[in-house]
Structure formats: C-alpha cells, structure tokens
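Given as structure tokens, the chain that follows is alone and in the form predicted on its own.
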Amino acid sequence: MRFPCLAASLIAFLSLSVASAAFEIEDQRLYTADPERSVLKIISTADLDVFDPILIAFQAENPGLSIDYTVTGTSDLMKAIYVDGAQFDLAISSAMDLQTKLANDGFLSSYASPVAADLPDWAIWRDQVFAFTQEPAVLLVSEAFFGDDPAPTNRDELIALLRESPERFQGRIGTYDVRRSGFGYLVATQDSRNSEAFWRLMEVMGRLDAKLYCCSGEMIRDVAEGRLALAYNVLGSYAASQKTTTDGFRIIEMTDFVNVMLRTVVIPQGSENVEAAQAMVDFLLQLNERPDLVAASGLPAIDASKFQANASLRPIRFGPGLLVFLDQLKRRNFLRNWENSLVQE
C-alpha cells in the first residue's frame, strides 16, 4: 500500500531541508579496478573512513569492479534520488524513514536476496529496504567534566541533574539540529513517540542554551575535548569507533529505552549495474559473518540476540509509522514544538 498524499509533503520537506539546486557532495572516492570491467556507483551517508574497509573487502571479492563512492547527508541523499533523479546503483543511509519513503513511492527495485532469509523479519522491508547494521542512539558524557561523579543512566535522571545544577551545564550540552539532520530528526521523532520525557528534556536543554550539531562526529569531538559536558542522541557506532583511538568520554545506553537505528541499503530504480548492486547487498547482509569488517568499520552487524538480552534496546521498525512525521503538516508542527522547547528564540 502506498501513501501518495505524502509525496508533495516530502518534496516540500526536501526543499526546506536542502536549499541548493543539487544535492551536496561531502566526500567522494573512486576505487579503480585493474583491469576495469564495470563501475558500481554508491551514494551513502556513511563516512569514507567508516566504510572504506568494507569497500576494499568487497572489491577484493569482485576483481575488475570499480566503485564510485559518494558521501552526502541524509536529506541530500533523499533529494538526489527523489527530486534530482541522480543515477546511482545503491543508496546507503541511516535515515530509515526516508529510505522507506523511497520504497513506498516506487523509487526502488525489488531484490529477493538469497541471504535475507537469515535475517530477522524486522530487518527487511518489502524486499526493497535491507538493514545491515543496528546502531543505538546514546548519551555521551565528558570524563573531564564528570570525573568520578556518576553519570545519568536514564532520561529522568538526566532531567533531574540538569535542573539541579543549571550553572554547571549552561552552554555545555549538545544534540542534533533536527532541522538539518535526517538522522537527528528520525531519532527525535521516535523519542517523542516513546516517552513524554523527551519534551521535558528538550525544554530543560533549551533553557541551558544547548548547542546544535549537524553530525555525530562533531559532538563526539567536543565531548572528548571537554567543550561539552554531554551530548544527547549521538550515533553509538561512531562513538564506539572513536573510543578505540580517543579518550575523554563515556558512552551510556539509557536504561529506560534506547532507540536503535537500522542502517539500510537500497537499489534505486534505473540502476545501471544491477548485478553488482545485488552482490553488494548480499555482501552487506552477511556482515555478521565478518567480525574483521565489523571491527575495522565500527558498524555493528544485525544481531537479534542483543535485543533479547537487553529489553531497553528498541529497534526502529519499518512500516507506515515511519512515514508519519514526513507529512508536511506533522513535520511543521513537530519542528515548531521542538524550536519552542529547545531553541527558545
């Protein structure tokens, strides 16, 4: 079932989110094969330093295949395919709602992957959207700021701490600017659906002049270097990867609930190298069999047992519910409430 009434809303959303005439390229690299037989064109929101080990390993298994890897933001990726009609063989994104929208509106090709049967049902959507990682949204706290003091373990404790010591946290809290970040918008809307504490937390953070960020990497850096006391809803996979080489921060998965984003790969309609695209989908869906690549990339593979062991982990589910906050009116209302709570201009 499709939801055509949301199409105009999404185009309006993209026009608000991305002001430029064409999508913005943040980084790009061509992995040239020798001899070159064909090229796999990928557009992705995953940073090159994160995805590089995966691309090198895939190319090693597919000699002669060159890979053109383009990095952009979540909203820009959606705009590239939905509005600009840019030609790519694969699209990889952390914005599950936008990937689901591409499937819903007929922008994706179906693929009955032979390895998909090994994944849980919640990791696949209509043989078009395939999850290959599970990445929590976490709280980061500064070691220099907290020292030996206990850090909050749930949202109520965090709210209480901020209210009790506003002078300590003034201007030293970070979170996503959900007007700019597709992933930030996704986890914020999921927060609002899971708990009323989200809006109380936003109001408290707003009174303390929270700093707004486009990207997890910048928040991780500022917490690690002590410019921030804490950062809320940071992408946990990036934080864990940085933790291997960077000191100065702790990663906290909240005990009340943890939204777990599923990074997804899709094959856009019009892919010119469908065979290679399908091979890459299969490769990514077997990431759980490559602990070397999980360690090198910092991207945790799909593992249903972790949700069974920890009830606070909540995978964000595919389905029509993900499309609700892409509606223009609902998005406008959400952003108005968010700005009233957090920006307080």
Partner chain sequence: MTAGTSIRQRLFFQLAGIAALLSVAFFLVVQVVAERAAEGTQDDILSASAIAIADSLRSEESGVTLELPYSALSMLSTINEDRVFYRVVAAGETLTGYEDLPLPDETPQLGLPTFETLSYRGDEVRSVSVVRAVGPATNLQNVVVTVAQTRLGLEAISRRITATATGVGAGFFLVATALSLWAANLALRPIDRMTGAVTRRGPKDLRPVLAETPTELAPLLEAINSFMGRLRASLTRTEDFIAEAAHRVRTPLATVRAQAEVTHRKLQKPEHKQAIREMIRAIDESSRSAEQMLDHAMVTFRADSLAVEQLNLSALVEETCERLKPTADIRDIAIRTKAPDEPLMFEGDSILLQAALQNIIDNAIKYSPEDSEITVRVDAGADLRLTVSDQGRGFGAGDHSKLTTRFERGGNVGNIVGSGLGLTIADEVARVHGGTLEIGNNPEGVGACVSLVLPRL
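Positions refer to the first chain, counted from 1. Since this is a predicted model, take the numbers as computed values, not measurements.
One more form of this protein should be noted, the form predicted in complex with the partner chain, which is absent from this view; the next part is about it.
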Quiz item: Is G226 close to the partner chain in the predicted complex, meaning a heavy atom pair under 4.5 Å apart or at it?
Solution: no
Quiz item: Q134 near the partner chain in the predicted complex, any heavy atom under 4.5 Å?
Solution: no
Practice problem: Tell me, yes or no, whether G106 is in contact with the partner chain in the predicted complex, where a contact means a heavy atom of each within 4.5 Å. | Solution: yes
Quiz prompt | Proximity of F257 to the partner chain in the predicted complex, heavy atoms at 4.5 Å | solution = no
Quiz item: So which of I124, V204, A240, A197 gets a non-hydrogen atom within 4.5 Å of the partner chain in the predicted complex?
Solution: I124
Exercise. Within 4.5 Å of the partner chain in the predicted complex, counting heavy atoms only, one of 282-290, 49-57, 35-43, 316-324 shows up; tell me which.
Key: 316-324
Quiz item: Has each of F130, S305 and N310 got a heavy atom lying within 4.5 angstroms of the partner chain in the predicted complex?
Solution: no
